[in-house]
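Quick heads-up: it's one chain on its own, the form predicted on its own, in structure tokens.
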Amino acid sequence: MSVVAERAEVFAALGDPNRLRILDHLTRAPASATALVEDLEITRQAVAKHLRVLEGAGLVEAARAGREVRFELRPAQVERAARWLDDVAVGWERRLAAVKRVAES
């Protein structure tokens, strides 16, 4: 997968409020889909769908613990997305500074 496609998949996954709530929950502790249902007040099927999207984007990983599947945040992928946004912000700051210099001269 290209870097652009990977970024698009990550940001598409982050673009849903329920998926953001799932990620927020997983920053505190790994959880099963059942535990997430109780916390999020959406159906188990919806949680499962959101978890598949997050897993596909590399934002969470599933691990079997006995009969239960627990999901855990993958901070490396989140950090890559944050770094990319930081790079975009630096580029915009440079451009805005250049516009300001031109406008003031």
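Residue indices: 1-based, along the sequence shown. Between two forms, the rigid core is the largest collection of C-alphas that superpose within 1.5 Å. It should be emphasised that the depicted structure is a prediction, and the values quoted were computed from it without experimental measurement.
Keep in mind that the form predicted together with another copy of the chain is not shown, yet the notes after this line are about it.
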Review point. Every residue in 37, 44 and 68 with a non-hydrogen atom within 4.5 Å of another copy of the chain in the predicted complex?
Key: no
Exercise for review: Using a 4.5 Å heavy atom cut-off, state whether residue 72 contacts another copy of the chain in the predicted complex.
Suggested key: yes
Point to revise | Contact label in the predicted complex: residue 26 to another copy of the chain, heavy atom within 4.5 Å | key: yes
Review point. Quick one: does residue 97 come within 4.5 Å of another copy of the chain in the predicted complex, counting heavy atoms only?
Key: no
Review point. Should residue 4 be counted as a contact of another copy of the chain in the predicted complex, where contact means heavy atoms within 4.5 Å?
Key: yes
Check your understanding: Which residues, if any, of 70-101 lie within 4.5 Å of another copy of the chain in the predicted complex when only heavy atoms count?
Key -> 72, 73, 75, 78, 79, 81, 82, 84, 85, 86, 88, 89, 91, 92, 93, 95
Check your understanding: Any chance the CA of residue 95 moves 2 angstroms or more between this form and the one not shown, core superposed?
Key -> yes
